[in-house]
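Here you get one chain, nothing else, as structure tokens; it is the form predicted alone.
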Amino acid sequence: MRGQVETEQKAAERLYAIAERWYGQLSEGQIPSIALPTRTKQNIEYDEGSGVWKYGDRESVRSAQTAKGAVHLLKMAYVVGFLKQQLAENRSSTLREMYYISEGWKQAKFAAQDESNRLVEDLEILTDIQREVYHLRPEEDGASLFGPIRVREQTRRGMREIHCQDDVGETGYQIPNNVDALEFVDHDANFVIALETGGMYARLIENGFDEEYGAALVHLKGQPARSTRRLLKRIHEEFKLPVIVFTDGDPWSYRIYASVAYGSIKAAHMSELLATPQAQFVGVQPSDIRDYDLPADHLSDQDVAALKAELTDPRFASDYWREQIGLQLEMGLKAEQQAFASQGLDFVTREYLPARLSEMGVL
């Protein structure tokens, strides 16, 4: 708890420093401004030291020299005040609630939630503090962990240890918003497998895949929340366990893998905390669609455009991904994880995953 208090105190000081910077600019007769990295695909660079993708040197300046810029800084000032108040009162809110609270901020009111979310990300970059420390949480996540891992967390009835296989129901242990408040106690796992869909997560539990192979299962629930990616990062680092990602076989799912392994363009400022560069992609591979004759759908125009965009995305700049994406464009097909059920309900846990994981050196 002491570490959490110190972190929150540092967060409050860094928020104050933003206002102090503007005050200093005004005192010197300067127009208030703030500089931030340009958040585009063209401005992310691979960092050799950490093995993740970060923002490069390109910057954009928000200045009160224009009416639009002045309103932007006004909104930022209101959010700084709101977050400082949350820390002082030890209260929390969702991103959605903060958007609605801005209704009372007059000219600083947000036009859409995307705008308020982006401004929170700006403050994360400026302060180098995660939004979770500011007591901001997403509206919902629901991602979960099922497997031989024991955690310790603070509950309303005090500190409690939870075994994420023996002490939970069939849906597993729900991952909290602030994973850094958890303590990972011990484990009997051999690896972690992160699954895009609830159907595949339930299939592996029902088939006893976690027990047979010592697997810790994580349900990503589609594009994974930051808390889920932070959990995977911490488990990998603290328990030295391999992390495997199993998604549908389409371009949007490959981006789910990329966000786990390399970080997202949107949150590149948090890549060192959220990304697990050692994470490996198990499937569904385009070659699996061909080799297992999986039931498949035709690629849409949007799918084709997304695949072509991935060929220019530095996170997919490898021979493996160029070969697989090229094959998929050639076939013009995509498939879901559950397509393996066409070979039988046990096929994915008895045949496909053991074969692929052995091939990858995990088993």
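In case it trips you up, residue 1 is the first one in the sequence shown, and so on. As the structure is a computational prediction, the values presented were derived from the model and not from experiment. In this text, the rigid core denotes the largest set of C-alpha atoms whose superposition between the two forms falls within 1.5 Å.
Another form, the form predicted in complex with another copy of the chain, is not on view; read the next lines as being about it.
Within 4.5 Å of another copy of the chain in the predicted complex, a heavy atom is found for every one of Glu97, Asp166 and Gln338.
Only one segment in the set 126-134, 277-285, 239-247, 86-94 has any non-hydrogen atom within 4.5 angstroms of another copy of the chain in the predicted complex, and it is 86-94.
Although the partner is absent here, His219 lies within 4.5 Å of another copy of the chain in the predicted complex, judged by heavy atoms.
Not displayed here, another copy of the chain is kept clear of Lys233 by more than 4.5 Å at the level of heavy atoms in the predicted complex. Remark: Phe146 counts among the residues lining another copy of the chain in the predicted complex, judged by a heavy atom distance of 4.5 Å or less.
The shortest heavy atom separation between Gly198 and another copy of the chain in the predicted complex is within 4.5 Å. Contact annotation: of the candidates Ala189, Val179, Ile205, Leu119, the single residue with a non-hydrogen atom within 4.5 angstroms of another copy of the chain in the predicted complex is Ile205. Contacts to another copy of the chain in the predicted complex (heavy atom within 4.5 Å) from stretch 8-26: none.
Remark: with the core as the superposition reference, the CA shift of Arg290 between the shown form and the other one stays below 2 Å.
With a cut-off of 2 Å and the rigid core superposed, Leu83 has a Cα displacement that reaches or exceeds the cut-off between the shown form and the other one. Superposed on the core, the two forms differ at Lys109: its CA moves 2 Å or more between the shown form and the other one.
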